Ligand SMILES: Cc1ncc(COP(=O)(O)O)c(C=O)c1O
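One chain comes next, on its own, written as structure tokens: the form predicted on its own.
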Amino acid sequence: MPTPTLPPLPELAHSFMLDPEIVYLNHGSFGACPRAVLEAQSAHRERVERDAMRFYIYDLWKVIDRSRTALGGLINAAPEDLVFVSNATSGVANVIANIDLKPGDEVLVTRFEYPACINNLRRACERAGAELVVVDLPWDPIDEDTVIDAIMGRVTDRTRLAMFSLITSATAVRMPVEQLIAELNARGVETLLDAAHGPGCVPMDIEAWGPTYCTGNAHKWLCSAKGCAFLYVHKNRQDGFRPVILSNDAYDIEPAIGRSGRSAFNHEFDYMGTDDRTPMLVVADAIETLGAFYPGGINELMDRNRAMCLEARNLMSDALGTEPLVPDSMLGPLAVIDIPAPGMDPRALRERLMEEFRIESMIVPNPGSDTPMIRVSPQVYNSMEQYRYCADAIRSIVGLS
């Protein structure tokens, strides 16, 4: 098979370590880390190895606070209300471990939440005798009210917690979280916002939105090192909120927080013994790096990514003869495009795109039919030429003339 002629890389692609022989169109799954951030992480690792005792016992606090402060400024949350965990699923697991579910309680989710997060909620409900209520949300809502009505229609006086995404993973719908949180707060229901696609993806305003809990990845759209997410806990829920894994200071916390100069909430999550804290330490470096790509900083970057997403969606929909599936108002920088290939296995299509055209993509099932969909999630290293190339590749595979 002849080697395909790949589109040229955009200039900013050289700031990343992506394989130049691959058209990487799947930022939304695992992100990509700029060279400058990886260099900063290496410097932190070297610092640890020069004197691990001093780093973990004395120096950790200041450098982790640097990232906490930078992140708080980006998502408008008080830094002391934020802690770092390894990924958004860990954030969900820590929240559910701190909620005392009782038999008969209900935990509300939609059918499009991330499977790993649902699994943690399901296990907790099974152990407590609580009920996991799954809202049969239409995957292609015609407007925001469709989502709000579907979720609020399942709230009862037994609903203890509602978890929903800022942006759904497989279907790429930007949920109306502002209204949802307000209505659930008014009903006395605690909210867990899964913002896995959050920081650096779309503007966030935690203080204004007012969730009880929120978690989100830094290694996706913020392009920090792999293995870093934040967990926000509202001030009135922090007393007694503890990590799933307790460390040395767990039952002697007062002297410990006196030494570290922070709350018990911050201290217990910040000090987890001998693990790799460097992904958390470079969150500040990632924010600085992304902010330097465009004159308007991260806000301009987010606007650029969303604009390219809409343009790529329209281009590929036209090329494949399909219609846009979700209103523009409910999209961030991710969208799904239907592929007119009934019965085609999404995994097989993804593998053919890689094998035959060197395209790394995210192909998912259409929840409303037997056709596959491609999810676009552009970042600064992507170009419209790459999406034209991808559309032509799909047309070739599925037999469109």
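Since this is a predicted model, take the numbers as computed values, not measurements. Note that residue numbering follows the sequence shown and begins at 1.
There is another form of the same protein, the form predicted in complex with the named molecule; it is not shown, and what comes next is about it.
The named molecule in the model of the complex comes within 4.5 Å of a heavy atom belonging to residue 165. Mapping the unseen interface onto this chain, residue 169 counts among the residues with a heavy atom inside 4.5 Å of the named molecule in the model of the complex. Not displayed here, the named molecule is approached by residue 88 to within 4.5 Å at the level of heavy atoms in the model of the complex. Looking at residue 196, you'd find a heavy atom of it within 4.5 angstroms of the named molecule in the model of the complex. When the named molecule is considered in the model of the complex, only one residue from 139, 271, 114, 294 comes within 4.5 Å through any heavy atom, namely 114.
Interface residue among 174, 219, 277, 313 relative to the named molecule in the model of the complex, by the heavy atom within 4.5 Å criterion: 219. Of the stretches 196-204, 286-294, 103-111, 141-149, only 196-204 has residues with a heavy atom within 4.5 Å of the named molecule in the model of the complex.
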